[in-house]
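We give structure tokens for two forms of one protein chain below, kept apart as structure 1 and structure 2.
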Structure 1
């Protein structure tokens, strides 16, 4: 299932990786110099000769908000009618009280920190980000709002795709092997809810392993083996699957 990865190459800014005519799938990370396609970031370049497509998946970088992105934000400021959230983007995001509470607020009577205080965690969706002002997020939607259970595992936002995997395969593996609920958000803050602390540790370690080894082929199999081995080591399952 990961045979595709063999077509990938590690590239650095200024490095040409294809020549001719291709469709660029990741325009932020590929420029055209003369007839060549040049990477603008450290990343994995992929050239699809059949579809005539090129792309570079960055290995480093900050989160750039896009409308509809699911994100986890931390409250860093409480205003009169809105909260300021850190969503790991170059700009902090705004969550309006009228959106969160579903009704207008009277700043003279209500103190918003009653509902969300500095340090609170919020699951939200990016509503608007047009680059002329900071992103605005909303908590209207199923499951969105203040997070009160579980924990957050932070990874680099550019590695999010690997934690999800092809057609969600890695995500399914993580949930299946650990029995935890795993919610992967676009800004690299992964919400996890596990049956117990031991499994939470195993899951967190597995996610960090994915982040670290995202560019090395054969990732899914390695992660699966890793989780089984850790579970055995902790006595969560029997030793039959132990690998050497």
Structure 2
């Protein structure tokens, strides 16, 4: 439940919305100038006087890669020794064949499209990005590599934090109420695996609802009610569950 001491206001870049000593929950979108807290994006500023915390929920923006970010990429190009991936960043990402295959490749004898073709989906981690060239991603790590099952739901990268929720609360709600596996990546592509197509549709609708209503208080309760109503409407649970 939201604290009664939380105050909200729409802000624009450069606008001060709080003064004093607070913990900044969203350092990418808030800077401190003297004793004032200033927004760096267009968004919804939140000041929690009880917890002494400030944050800004962006209402617009794009994905800026950071090392260690988990991302879902689509293969858009196949080279001699690497693949080019669309990860929703200003530059395409590079995935080297030696990284993906775990061994050197011979460009004269191997066609990389046999392993990953244009249109394939890859779960990867950003390894290097210095803003002077495109990011390099890796598939070394548990669970990383070509995606062979599930569906991708795409939202604005700046709304990712709301799908995760504070201390993972929204993420837990989505999985608990649908029985689906939900993997939220930093570039706004959410990989979901559900027991059936009906639950997948309900989950996708709930995620898009979070994206649309991220700036409105009471979001968690509304999303839970929405999922329950949809499951009842589709006959996935009994009607009596709607009142629980």
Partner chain sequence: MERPKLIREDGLRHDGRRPDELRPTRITVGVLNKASGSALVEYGGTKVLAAVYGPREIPQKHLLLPDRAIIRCRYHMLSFSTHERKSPALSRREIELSKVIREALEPVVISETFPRTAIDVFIEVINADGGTRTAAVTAASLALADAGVPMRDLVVGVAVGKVDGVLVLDVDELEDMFGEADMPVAAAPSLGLVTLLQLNGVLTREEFDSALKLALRGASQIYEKSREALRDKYMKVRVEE
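Values in this document were obtained by computation on a predicted structure and should not be read as measured data. Positions refer to the first chain, counted from 1. So that the term is clear: the rigid core is the largest set of C-alpha atoms that superpose within 1.5 Å between two forms.
The form predicted together with the partner chain corresponds to structure 1, not structure 2. The chain divides into two rigid parts for the movement between the two structures; residue 188 belongs to the part that also contains residue 223. Comparing forms between the two structures, one finds the smaller rigid domain rotated against the larger by 28 degrees. After superposing on the rigid core, the C-alpha of residue 51 is displaced by 8.2 Å between the two structures. Superposed on the rigid core, the forms differ at residue 24: its CA is offset by 6.7 Å between the two structures.
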